[in-house]
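Only one chain is included here, represented as structure tokens and corresponding to the form predicted alone.
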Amino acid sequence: MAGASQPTIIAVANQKGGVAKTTTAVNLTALLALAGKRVLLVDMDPQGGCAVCLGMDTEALERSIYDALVKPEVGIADVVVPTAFDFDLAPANIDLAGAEIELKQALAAETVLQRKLKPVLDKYDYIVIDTPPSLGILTVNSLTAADKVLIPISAEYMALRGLRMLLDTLENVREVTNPGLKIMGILATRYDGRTINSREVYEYLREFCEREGLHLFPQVIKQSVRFAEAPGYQTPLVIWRKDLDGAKQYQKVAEEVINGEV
């Protein structure tokens, strides 16, 4: 549970690209902030999608999460920027791609983010980490720092192929760097109920989660062009168009998180 001195840290992870990781991280963060929680969004993806979603120019950043990770004298607090939506952002840009190499040379490389977050833990109720579409050192750092991992999976067959690999990685992280890591649940995204493909994939996920003892969020994030348009309005979808089905589904996910149901 989140508390005054110990936030709940949630990594949004899947090594497959295009599964709405950043969309999920940004909208969940926005909803937690709307609920009055103190929230930090940490972007660990060199594509810098979180800042882009909020209308920030990643090339104009003076400092980013890269600086906090690789420079001993720079802390997370030095790179955090407040947003217009009542949450803080530790932004990323393409510089972070270089951290993949530099972090491998660091002592206890997998725990750098965890260590860097310690001085700011008492400032937040929740910390949400957006991870890159890979299982490299940046993702392992994110999983090592997290209490829980939320796994978005697009409702398509290709997205299912890497699920077992991701679960194996989570097990490795538990064994080596973070024994307390829990899977918050699997969230089906980019769902199109008109297609047999989407319906079959969701049914497979339901059976898989039942078999593996994993939580499958009852909410399904439907495929919508509005998600693609939202960055153009520089506003999370759940604030820009809270009437939309996708926004309502994310609201229910956020309620599960806040109520401690996952």
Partner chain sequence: MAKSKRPAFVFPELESRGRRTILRTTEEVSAELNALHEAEEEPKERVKVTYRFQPEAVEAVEDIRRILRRQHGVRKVNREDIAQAAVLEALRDLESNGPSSFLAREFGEAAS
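Positions refer to the first chain, counted from 1. Source: prediction; values computed, not measured.
FYI, the form predicted in complex with the partner chain isn't displayed, but the following is about it.
- Contact here is defined as any heavy atom lying within 4.5 Å of the partner chain in the predicted bound form, and by that definition not a single one of Y126, L181 and I221 is a contact residue.
- Contact with the partner chain in the predicted bound form, defined as a heavy atom within 4.5 Å, holds for exactly one of V120, V74, V80, L160, namely L160.
- Under a 4.5 angstroms non-hydrogen atom cutoff, the partner chain in the predicted bound form has A106 among its neighbouring residues.
- Under a 4.5 angstroms non-hydrogen atom cutoff, the partner chain in the predicted bound form lacks R194 among its neighbouring residues.
- For the chain shown alone, I94 is not a contact residue for the partner chain in the predicted bound form, no non-hydrogen atom being within 4.5 angstroms.
- At the 4.5 Å threshold, heavy atoms of E200 reach the partner chain in the predicted bound form.
- From the list 204-212, 46-54, 24-32, 60-68, the contact stretch for the partner chain in the predicted bound form under a 4.5 Å heavy atom rule is 204-212.
- Contacts between 43-75 and the partner chain, taken as any heavy atom within 4.5 Å in the predicted bound form, involve no residue at all.
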